[in-house]
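Only one chain is given next, in structure tokens, and it is the form predicted alone.
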């Protein structure tokens, strides 16, 4: 459980302390990568709460999701189709589903 939280905190600290600007050309790629990373983080937290967390699965899923999402965005840009919207839709649905499951798991744990 400490790995996803550590990664999130490190990313937030680096993001707030640096003055890095992303050009408009790379914005779709970055937005997709961030959404994929948040989806993986929520999935990792859910797996931990279900006592099924595996660091190898988390790390490989994290990078696979990011590269798949960025690859879809890249392919879509070169084809002239907004494929990144499909990735946003898919990762968004998964993110909300994972958050709902986390909420239910936490409620069960707190209620006894």
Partner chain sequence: MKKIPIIFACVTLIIGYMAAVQFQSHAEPETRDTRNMADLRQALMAEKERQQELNEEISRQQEILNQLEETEDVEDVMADVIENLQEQAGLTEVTGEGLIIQIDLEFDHNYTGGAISSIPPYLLRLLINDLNIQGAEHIAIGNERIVSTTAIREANGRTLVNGNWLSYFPVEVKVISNDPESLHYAIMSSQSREMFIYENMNFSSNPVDSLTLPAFDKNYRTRFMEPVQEGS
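In this text, rigid core is short for the largest set of C-alphas that superpose within 1.5 Å between two forms. Note that the structure is a prediction, hence the values are computed from the model and not measured. Positions refer to the first chain, counted from 1.
Here the subject shifts to the form predicted together with the partner chain, a form of this protein not shown in this document.
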Query raised in the report: Should residue 73 be counted as a contact of the partner chain in the predicted complex, where contact means heavy atoms within 4.5 Å?
Result: no
Query - Exercise: residue 66 in contact with the partner chain in the predicted complex, heavy atom 4.5 Å - result: yes
Query raised in the report: Does any heavy atom of residue 92 come within 4.5 Å of a heavy atom of the partner chain in the predicted complex?
Result: no
Query raised in the report: So in the predicted complex, does any heavy atom of residue 100 sit within 4.5 Å of the partner chain?
Result: no
Report summary line: Contact check, 40-77 vs the partner chain in the predicted complex, heavy atom within 4.5 Å, ordered by sequence, gives 41, 44, 45, 48, 53, 55, 58, 59, 62, 63, 66
Requested in this report: Look at residue 93 and decide if its Cα position differs by 2 Å or more between this form and the one not shown after superposing on the rigid core.
Outcome: no
